[in-house]
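As a starting point, one isolated chain is supplied in structure tokens, in the form predicted alone.
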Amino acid sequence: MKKLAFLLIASAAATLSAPAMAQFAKPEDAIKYRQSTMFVMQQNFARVAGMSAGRVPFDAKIAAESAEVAAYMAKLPWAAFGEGTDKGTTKAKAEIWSDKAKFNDYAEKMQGEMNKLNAAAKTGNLDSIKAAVGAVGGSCKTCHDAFRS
């Protein structure tokens, strides 16, 4: 059942992501899309982070599934930072658009760290997962500090 849900989410997200901005009727739709993709990514990452911190019992299968979803979702929100999406219900700072190169660099680094977490989770080695969780968390914080209000 979880795999079916993942496949449905992944299929829908892939359909919507390329080229994403062309598919948004209004800037508010793009904002909702990117917030939703980040929410799903964060929820799955949080499961793995909770296990690595000992707050949740470690389950290698759930960790691997959650890390895989988080890594996939990490690819999706960036296309929804298009023109006109800097206003409205968003925590995005104006610097996203004025320093797009830096923002894109941070996004790529986070995706890379999320992919490393995905690889570590597939091994089932909790120590490797812990190290990867720390790197993902650091990359998220760096970007949030610079580009999120």
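Numbers follow the displayed sequence, beginning with 1. Source: prediction; values computed, not measured.
Just so it is clear, the following notes concern the form predicted in complex with ascorbic acid, a form of the same protein that is not shown.
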**OP:** Spell it out for me: taking ascorbic acid in the model of the complex, does every residue among 32, 36 and 91 have a heavy atom no farther than 4.5 Å from it?
**Re:** no
**OP:** Tell me, out of 104, 42, 111, 123, which residue has a non-hydrogen atom within 4.5 angstroms of ascorbic acid in the model of the complex.
**Re:** 42
**OP:** Evaluate residue 130 for contact with ascorbic acid in the model of the complex, applying a 4.5 angstroms cut-off between non-hydrogen atoms, and reply yes or no.
**Re:** no
Subject >> Location of ascorbic acid contact in the model of the complex, chosen stretch of 76-84, 59-67, 42-50, 94-102 [non-hydrogen atom, 4.5 Å] >> reply: 42-50
Subject >> Contacts with ascorbic acid in the model of the complex - residues in 103-141 whose heavy atoms fall within 4.5 Å >> reply: 137, 140, 141
